[in-house]
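As structure tokens, the next two blocks hold two forms of the same chain, structure 1 and structure 2.
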Structure 1
Amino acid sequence: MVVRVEYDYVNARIKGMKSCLLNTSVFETLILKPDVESIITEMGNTAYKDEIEKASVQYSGIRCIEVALRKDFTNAFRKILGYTKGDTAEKYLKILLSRWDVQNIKTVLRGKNIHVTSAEILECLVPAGELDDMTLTEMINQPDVKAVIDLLATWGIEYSKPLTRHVKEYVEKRDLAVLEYAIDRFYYENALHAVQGDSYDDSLIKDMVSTEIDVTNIKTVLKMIRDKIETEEAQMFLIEGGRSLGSEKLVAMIRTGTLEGAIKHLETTPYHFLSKLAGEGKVGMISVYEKELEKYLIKRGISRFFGDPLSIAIAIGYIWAKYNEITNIRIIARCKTADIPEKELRGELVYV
């Protein structure tokens, strides 16, 4: 039996968690620190104090920060799920958090595909979904892509289904895009199917998921054009259900054959901001477009803080704000490690 959502209780607790998020002045302090060790010391004065202290027992430098961030991130979302246990809100939260399971699986598969170290893969993971640190570590320890998929299947993880169906094709073509598309489509189709109702909560989740589909499709189109993939083959990798971009618009973008031509098609859509990058002479830098699209998603998610206080909106806002905070701290720490100039560092951050 599903219990009626008591959003007044859930959102009161989430608002309490929101009050612990770092403000701009703290980020300014972190940016001005000379090195990673001084950042660790400063984080000991924030809500990350407990996890920093635990991590510093075994690790130092960037590794200490990464471990502390992952533990804190995981704990935050486990806490929110605990508040909604048995409520219909739990369904919505699991849909939202599952995006990070998909992201983490894709990250592990990419790492194994190009044979990077386990440590490098681990630093890129965001354990916010149902796949916890221990599970992800076991995945990373597998020798190759197929072994990761076999392990997921052995565990009965639902995302193993689309991967298993397409692993033979991957082995034949050595094209990871086959697997990435399969798992993306599986996630998005299931997520949209779960929010077919007409409630305010359903519409909020559907909006976020369909916006992510748009973003995923734009990234796919740009990569296909860059790699000179024929239109018929490229459109096979497009996902249905986008918020603003239908298949006709996406195919038209592919048919232009150029990144500049594809971006021009977005001028009358919510993604018109990408045109500005083309105007700045960055038309050939796909990573720049991907970064701006990620910023757009983050800002759209955080804006839900201002939605109906008796809905899933507050949880959506917090999840994206926390993700943004973790991402910004990682950027600062990694830039300090690599001696990146302050101006470049600031350009990588997302302030909302």
Structure 2
Amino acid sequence: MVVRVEYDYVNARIKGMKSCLLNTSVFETLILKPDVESIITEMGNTAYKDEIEKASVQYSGIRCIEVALRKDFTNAFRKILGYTKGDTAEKYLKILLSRWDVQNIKTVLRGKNIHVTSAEILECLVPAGELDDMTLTEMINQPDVKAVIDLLATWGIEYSKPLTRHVKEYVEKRDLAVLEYAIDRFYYENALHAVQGDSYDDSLIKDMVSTEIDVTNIKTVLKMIRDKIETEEAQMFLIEGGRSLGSEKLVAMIRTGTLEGAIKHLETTPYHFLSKLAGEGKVGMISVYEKELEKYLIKRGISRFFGDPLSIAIAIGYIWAKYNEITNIRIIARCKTADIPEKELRGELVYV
């Protein structure tokens, strides 16, 4: 018998959690609410009740919703991670988690680079990843960018490696982006490295990560083309390990020099849906393409629910669904603050 992670219990819980996600009718009511306050009240009747109540003590309005959503998402994540503690599944979740670590490290570095106050940096951190509050606070307390990296190295946190590697370049160019690229790249490489095996779980995560790389690369290519950046330079920002787009294809896309041309290259790939968009006269706005790509990614993530019920697939599906839900709620709430008409609001949402 193959020894596998005890997914039955975990996945049953996750499925239970999934059934607590809001259904479309709740979304409809949220959309129809006239202002942020009534959205808060309505959310008090949903699974977000606890966090909304807690947040409403300290904050009000959009801030209350955002804090509650962030907290709820972190909680959901921590909960799932708690079930898988010590299991091999933990590895997969950590890949997903490290996204926040990367974001947090970047925020701290950016803040240190322009000497923002510690309190302000702390406000922008989302301690959902492996780096806990203590580590983050200690990082913020360091005097400069290099000291932050040194601290990471001292405490044996792996992100110090890519950062240290590029310190020299950073100091020469005085450009923080150097370090950011290093850590972004490291994230993807690390994620791919962790799922080299050929088990179902490994291949599943690998598929998700490499799809994400594809999406990121397409976005990068489009941005490069729009800003007319030289092919040689642009090439440096591509990430290896995409699912269906190799670096040659990407370079060819950049070479075309036009958004339409680049997108035409995608016709034989799973991302052909972009070419339909190009015909609709919305060319030029990268965010329009980006939205479609993200929709694709989210749909792909959520569709994992129909994968092997005794695998990491369920957790992935749930996390994406939750992410989607939280984003949608945030969009609704944000649009209410600016009185965006309902029709346009719907356009912004990602329904899956």
Partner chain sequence: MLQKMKKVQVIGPKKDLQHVVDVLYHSGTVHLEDVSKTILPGDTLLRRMDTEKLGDIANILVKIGGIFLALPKIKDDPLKQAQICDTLLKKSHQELVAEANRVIEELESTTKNFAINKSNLEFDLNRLAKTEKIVERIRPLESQIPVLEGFEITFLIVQREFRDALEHLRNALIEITRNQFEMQSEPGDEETLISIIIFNRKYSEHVHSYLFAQNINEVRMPQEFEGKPFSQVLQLIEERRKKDFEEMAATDEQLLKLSTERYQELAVLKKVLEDRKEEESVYAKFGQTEYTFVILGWVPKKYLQRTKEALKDTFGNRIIVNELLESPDKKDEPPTFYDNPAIIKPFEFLMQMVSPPKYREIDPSPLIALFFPIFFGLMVGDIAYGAIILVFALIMKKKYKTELWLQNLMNILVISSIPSIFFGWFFGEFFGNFGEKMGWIHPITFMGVTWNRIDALVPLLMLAIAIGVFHVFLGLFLGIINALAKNSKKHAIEKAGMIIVITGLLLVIAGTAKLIPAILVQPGIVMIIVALPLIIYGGGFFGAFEIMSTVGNILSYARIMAIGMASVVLALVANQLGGSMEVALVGFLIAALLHILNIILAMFSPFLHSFRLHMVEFNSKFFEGGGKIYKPFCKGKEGG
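Everything numeric in this text was worked out from a predicted model, so none of it was measured. Think of the rigid core as the biggest set of C-alphas that the two forms share within 1.5 Å after superposition. Counting starts at 1 and follows the sequence of structure 1.
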field: Structure number, where the criterion is the form predicted on its own
entry: 1
- prompt: For the two rigid parts the chain splits into between the two structures, is Thr88 on the same one as Ser56?
  reply: yes
task: Note the number of degrees the smaller rigid part rotates with respect to the larger part between the two structures, based on C-alpha superposition.
output: 23
- prompt: In Å, how large is the CA movement of Ile114 between the two structures relative to the superposed rigid core?
  reply: 10.3
